[in-house]
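As structure tokens, one chain now follows by itself in the form predicted alone.
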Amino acid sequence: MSSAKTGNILHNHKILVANRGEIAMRIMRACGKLGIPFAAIHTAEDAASGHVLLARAKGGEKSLFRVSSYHDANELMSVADEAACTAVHPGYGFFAEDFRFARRVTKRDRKMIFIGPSWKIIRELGDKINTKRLARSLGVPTVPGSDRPIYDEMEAERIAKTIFEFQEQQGITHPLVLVKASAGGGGMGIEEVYDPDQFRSVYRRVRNYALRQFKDEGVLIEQRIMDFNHLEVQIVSDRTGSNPVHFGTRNCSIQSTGLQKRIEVAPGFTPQALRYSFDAQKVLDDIVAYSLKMARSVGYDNVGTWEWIVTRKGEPFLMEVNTRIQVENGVSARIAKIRGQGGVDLIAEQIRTGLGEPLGYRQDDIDFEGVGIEYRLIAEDPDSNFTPWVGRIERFDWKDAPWLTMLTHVPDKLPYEIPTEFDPNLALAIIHGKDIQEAKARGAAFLDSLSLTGQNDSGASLKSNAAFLKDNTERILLF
């Protein structure tokens, strides 16, 4: 349930759920908690998806609209107009961090509300270089490297040479330079350079990729930090932008070979239960303080995530800011309480504050209890570079437990054909325990109880990452 009473301000709204799958389902359920009607969309490929079934059950046929693509802004605006929506929730992916789309939603003749930060904030923090420049101006530590778009090849080579030399001076035997598309995200548009003589060709390749994918040739050149943990800070604020709070930290260090998250844990470290070679509590406190400092500086006015690298020496470096709700918001909500009350729903908080309600609580009102683990169940082959698997799911069940939350768009009625047009994400399993040991034990028990089978058109059995998740459970939060 919502952590604050909803006011009359919500009752005059209707939200376009501009996404698919489990995030669309979470948005619909949050709307239900808040008493807000919605309109949902789907493509032909998603006709059997759970989000379509839920929209039909919660809102009826009139709440459901078929579109040719989730990427077509014109179609989305047409649906919003036909359904008389007053706000658009982009979820994650697609248009979630597209400031032009957010601006269009709020500036068109029939204005609507974009459920997310204001378009100006998305534009400012969506660019890694702008974010780094802002962070440095506030004394927030960032990864060594450029803090503005690099378009000149000779200048890029000079910066790379400086970073290589710096690492050698630090005693790093195999220095690396990271070349990143400044407008990219989610691990896209990033390459490593081991040999200074190879830098020029990699720089050209990333620059051309950035132009094709993001319409911006801006390239960021950074030191490549190899031995690190990936931590996040969950921020929530209302439209005043003056009173951001945090909902703790997460550790997202267990990833695929393509640096895509597979297990997320809240909180980011557990110094009470595990030993670290640095002051882990101080690191957690520092990255929270730095994140809130930046949020206040820009007047951040919705949900967002500050992403951090923490080295084995306990040095934190800001990596980027994600100006949207994230897949893993649920694991942070699972361990949070507001004024002693659990059941926090960060998507509901995002919606009601996005529509103009005040936050209604302060940092002192938020407490945390236990440890949460989120597993991303995906149809993929970890033994073959996490290659996506395509085919039919014929069985998908597990043993329910009070400490388990399953979020999935896979319908109860099987078989279900996994659409080839999208990533083969199947479910999020959120586990709660009173401490890290209990959470890990429960996580392993869940994975043992899981039955996930199917086959493709050739008769080959379904591939999933369930075994990978179990194999990596024991090393959760270790560094």
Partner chain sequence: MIDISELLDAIKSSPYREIVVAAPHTGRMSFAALETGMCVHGPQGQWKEMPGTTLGTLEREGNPKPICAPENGEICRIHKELDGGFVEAGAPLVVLRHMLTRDEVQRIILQKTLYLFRAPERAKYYFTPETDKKIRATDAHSVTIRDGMELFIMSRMKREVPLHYAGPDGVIYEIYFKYNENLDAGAPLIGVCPRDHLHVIQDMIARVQTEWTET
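All values derive from a computational prediction rather than experimental measurement. Take the two forms, superpose them, and find the largest set of C-alpha atoms that agree within 1.5 Å; that set is the rigid core. Positions refer to the first chain, counted from 1.
The discussion below concerns the form predicted in complex with the partner chain, not included here.
Using a 4.5 Å cut-off to the partner chain in the predicted bound form, not one of 22, 242 and 365 places a heavy atom inside that distance.
Put simply, residue 390 is close to the partner chain in the predicted bound form: some heavy atom of it is within 4.5 Å. Taking non-hydrogen atoms only, residue 398 never approaches the partner chain to within 4.5 angstroms in the predicted bound form.
Using a 4.5 angstroms limit between non-hydrogen atoms, residue 419 touches the partner chain in the predicted bound form.
The partner chain in the predicted bound form is not approached by residue 277, whose heavy atoms all lie more than 4.5 angstroms from it. With the partner chain omitted here, the record of contacts in the predicted bound form names 202-210 of 202-210, 266-274, 113-121, 127-135, defined by a heavy atom within 4.5 Å. Out of the listed residues 164, 101, 386, 403, 386 is the one that sits within 4.5 Å of the partner chain in the predicted bound form by at least one heavy atom. A single residue from the set 174, 108, 313, 282 has any heavy atom within 4.5 angstroms of the partner chain in the predicted bound form; that residue is 108. Contacts between 37-67 and the partner chain, taken as any heavy atom within 4.5 Å in the predicted bound form, involve 45, 64, 65, 66, 67. Core-superposed comparison between the shown form and the other one: the C-alpha position of residue 312 differs by less than 2 Å. For residue 210, a C-alpha deviation of 2 angstroms or more is recorded between the shown form and the other one after rigid-core alignment.
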